[in-house]
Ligand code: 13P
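Okay, here we've got a single chain as structure tokens, the form predicted on its own, with questions on binding and movement later.
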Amino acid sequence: MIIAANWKMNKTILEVNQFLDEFVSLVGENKHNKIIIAPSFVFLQKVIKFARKKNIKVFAQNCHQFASGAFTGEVSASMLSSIGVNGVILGHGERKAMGETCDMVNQKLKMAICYNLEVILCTGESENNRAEKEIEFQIKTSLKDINTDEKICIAYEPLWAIGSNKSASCENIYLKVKFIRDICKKMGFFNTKILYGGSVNLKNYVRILNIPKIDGILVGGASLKSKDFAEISSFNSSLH
């Protein structure tokens, strides 16, 4: 399973140090899952230094669509690759709420692949009655002219579930995962990993990870507490 933490705009350096120290002692040797931590840009190198010894992947939360240039305040895929970042989260609903379009996500995704970064591509509906149309448009636009899914996984994140403490039902997640997988197959992507994100927590993560055909979860708020994220990261399907 893929267990990914999106810290968003949270933590100070003291809190990062404390989290990493506690997380190591709690999670032990990771043998079951691919663990990903996506901290703020300013803490990437700190987490990378820690992660190298613990078989943990480090992702950025975004990147720019150009390799370099006069884009004050932005961070490029080439910069991320140069410091050892493994991948990047793209198309998150919170970025789209700031004006990011699927065409921009497509440009960013191409740049990420160009610099050998893995990608978690987020997709999700804003309205239930338009769910499938929105998701299909987002995926087809974001993956336009992409010819391989080797480094791409898709996170289904309904916008209404992000940060709301209201996760989608297991039935809804199952149906959307199946729908997304069918779209990917029609586009020639047969190995795409699919995650769920949106108010994942200690109360629901086991149910979600036991949904057929799901490959993991993208965790927001619950990933900020070392104890909670260690428990989630230690999920073993053979025990549940």
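Nothing here was measured: the structure is a model prediction, and the numbers come from that model. Just count from 1 along the sequence shown to find any residue number.
If you look for the form predicted in complex with 1,3-dihydroxyacetonephosphate (13P), you will not find it shown, but the lines that follow are about it.
Residue heavy atoms within 4.5 Å of 1,3-dihydroxyacetonephosphate (13P) in the model of the complex occur in exactly one stretch of 180-188, 196-204, 44-52, 62-70, and that stretch is 196-204.
Residue 162 is the only one of 117, 135, 162, 152 with a heavy atom lying within 4.5 Å of 1,3-dihydroxyacetonephosphate (13P) in the model of the complex. Proximity of residue 216 to 1,3-dihydroxyacetonephosphate (13P) in the model of the complex: non-hydrogen atoms within 4.5 Å are absent; the residue sits far from the partner. Although the partner is absent here, residue 6 sits close enough that one of its heavy atoms falls within 4.5 Å of 1,3-dihydroxyacetonephosphate (13P) in the model of the complex. Residues are counted as partner-facing when one of their heavy atoms sits within 4.5 Å of 1,3-dihydroxyacetonephosphate (13P) in the model of the complex; in 89-110 these are 92, 94, in sequence order.
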